[in-house]
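First, one chain by itself in structure tokens, the form predicted alone.
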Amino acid sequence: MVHIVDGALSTEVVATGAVLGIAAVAYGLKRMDIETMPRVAVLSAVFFVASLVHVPIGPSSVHLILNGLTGLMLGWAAFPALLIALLLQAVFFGFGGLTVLGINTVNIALPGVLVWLAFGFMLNRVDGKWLWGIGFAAGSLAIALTSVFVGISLALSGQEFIPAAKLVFIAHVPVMVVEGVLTAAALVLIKKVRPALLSPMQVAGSPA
């Protein structure tokens, strides 16, 4: 699971995640305006619902995240959007926890922002198979990066977590494919019905 639970990480990793999370959420809030708030709410709800469905794989379980799509649609505003969803999941369902809220937000939102910085400027310049390719790459890469970040968080907390870190990545390989397809399909649909939503200047400012 990409939701790291309370007590699993070292104090240093938790503290670092909290500092980075606070800084990133604050920056994301600065890049938002009144017009982007409905979209932030929608993407936060999409993540909240999608990640509630867990599929058991061996001793672990996986779930959809859609952080690639969230990042492409929101830019830096993905941080506050995902923070809210993670907070509600921790409070109402016990997923993750409150002390690890910062590191969980960074591990999930940062990959979304990174794929936005890498691919966001292309969305209004391509369509058809190229948009499918970009969507698949962004969706699958975001999951891969989240798995790597979670693995690093675990590994930095102790050598005993290294096997679990490897398992996290392996378990999410099928999710990378599914998320890539879903992200690509969503982008193609958005391009047809409301292409203005794919403009990076419309959401959270343009990449710095």
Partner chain sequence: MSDKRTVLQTHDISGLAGRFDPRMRLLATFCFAIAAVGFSSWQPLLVMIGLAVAIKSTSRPNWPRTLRMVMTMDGFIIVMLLMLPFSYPGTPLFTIFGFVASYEGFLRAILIALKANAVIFMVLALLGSLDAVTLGRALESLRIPNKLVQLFLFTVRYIDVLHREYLRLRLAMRARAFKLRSNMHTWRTIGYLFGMLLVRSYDRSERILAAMKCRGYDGRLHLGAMPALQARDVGFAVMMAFILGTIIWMEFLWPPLL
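Positions refer to the first chain, counted from 1. For clarity, every value in this text was computed on a predicted model and none was experimentally measured.
Heads up, the form predicted together with the partner chain isn't pictured, but that's what we're talking about next.
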Indicate whether the partner chain has at least one heavy atom within 4.5 Å of a heavy atom of L197 in the predicted complex. yes
Does the partner chain get within 4.5 angstroms of any non-hydrogen atom of I65 in the predicted complex? no
Contact with the partner chain in the predicted complex for I190, defined as at least one heavy atom pair within 4.5 Å: yes or no? yes
Any non-hydrogen atom of L83 within 4.5 angstroms of the partner chain in the predicted complex: yes
Taking V19, M122 and A138 together, does each of them reach the partner chain in the predicted complex with some heavy atom inside 4.5 Å? no
Could you check which residue among V173, V148, L156, A45 gets a heavy atom within 4.5 Å of the partner chain in the predicted complex? A45
Stretch 30-50: residues contacting the partner chain in the predicted complex, 4.5 Å heavy atom cut-off: K30, M32, I34, E35, M37, P38, R39, V40, A41, V42, L43, S44, A45, V46, F47, F48, V49, A50
